[in-house]
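First, one chain by itself in structure tokens, the form predicted alone.
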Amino acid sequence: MKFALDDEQLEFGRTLGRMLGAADTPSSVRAWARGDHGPGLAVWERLARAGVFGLAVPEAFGGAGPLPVEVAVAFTELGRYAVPGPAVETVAVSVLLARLAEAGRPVLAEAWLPRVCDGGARVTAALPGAPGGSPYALDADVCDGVFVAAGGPDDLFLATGHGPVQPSLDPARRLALPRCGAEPVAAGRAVREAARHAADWAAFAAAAQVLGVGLALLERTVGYVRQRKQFGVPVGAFQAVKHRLADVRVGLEFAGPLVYGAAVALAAGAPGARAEVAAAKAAASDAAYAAARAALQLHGAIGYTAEYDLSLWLGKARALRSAWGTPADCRARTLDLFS
């Protein structure tokens, strides 16, 4: 079977690319890392108007989804332009609350999801009991709602606050431990199942995002080696450099179909969707990390400087590699689910 994006999906990706390309996202990322969220939130408002935050939300709650293929298209562009903020976690919360609604508990979805879609509410999640989950919440200090699934996870809490913000490998990824109230907002087996499903979608969105990061690193490195000269010729003319970049390209080209294969599996509700997602996350993370290593080496000393924009994508590649399941965890999960 041949899979290809249709014209509408391709144009959606191109439109997001043009919008983000004109938004000066590197400046927004640097400001976000300093705790100045204004420029980044302006980008988020544009993404909300473009319908990005409604892609994982059912139509019953004001969204357009769930549309996992379109999520993959959008999040690849978010990674390509290093957009800051809890985008992956927004998908996780959207799926979590929608799943609870399917189980007959629609109150939280009705209260939160319409506002998530239009950008009126920012949300994040910590799912320590789910596969690939973490006790830390991303960007809790800028969110209106921090959802925490704990205790198996059989209990869902809406955090009342959070601890000190901690740095990450990516300076724009600001982590904090949520403080939960005494009473959960939902409990029971439905919470556990919804949290696991949300973690699958988070790993999937992270795979698409890190794929975009890898593509951006490759594009920036190819542009650089065409300009940088040594012995009177561009360094990109040397065979060793060509081979290194070709290897990076092959890795990214192999990861892309796995990401979209996972999207198709999620859309179909296939029994093997969880394994497809884990395989996609492992492949995309490894491919982006290889792109980061090649970019750093081929840029030379300038690649090490925090002032150079390349560092924004290098940090994001390393952080997203571990977020929502390391490559080793995802490979183990894939083997377990297929065995």
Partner chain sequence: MDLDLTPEQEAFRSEARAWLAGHVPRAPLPSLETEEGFAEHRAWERTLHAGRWSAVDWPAAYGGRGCSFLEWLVFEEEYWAAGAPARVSQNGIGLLAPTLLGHGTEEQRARILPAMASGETVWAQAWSEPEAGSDLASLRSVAVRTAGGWLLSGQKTWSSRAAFADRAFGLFRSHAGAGRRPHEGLTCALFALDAEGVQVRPIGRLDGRPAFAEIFLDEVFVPDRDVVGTPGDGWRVAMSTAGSERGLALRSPGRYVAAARRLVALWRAAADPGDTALRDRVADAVVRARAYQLYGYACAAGGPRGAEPSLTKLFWSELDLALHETALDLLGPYGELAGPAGDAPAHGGWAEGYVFALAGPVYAGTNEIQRDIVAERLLGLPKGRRA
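The shown structure was predicted, so the numbers you read here are calculated from the model rather than taken from an experiment. Numbering follows the first chain given and starts at 1.
The same protein also has a form predicted in complex with the partner chain, omitted here; what follows describes it.
- Look at 58-66, 31-39, 282-290, 44-52: in the predicted bound form, residues with non-hydrogen atoms within 4.5 angstroms of the partner chain sit in 282-290.
- The partner chain is not drawn, but in the predicted bound form it has no heavy atom within 4.5 Å of residue 273.
- None of the heavy atoms of residue 80 is located within 4.5 Å of the partner chain in the predicted bound form.
- Within 4.5 Å of some heavy atom of the partner chain in the predicted bound form lies at least one heavy atom of residue 303.
- Of the heavy atoms in residue 103, none are within 4.5 Å of the partner chain in the predicted bound form.
- Looking at 121-149, the residues that come within 4.5 Å of the partner chain in the predicted bound form, counting any heavy atom, are 133, 134, 135, 136.
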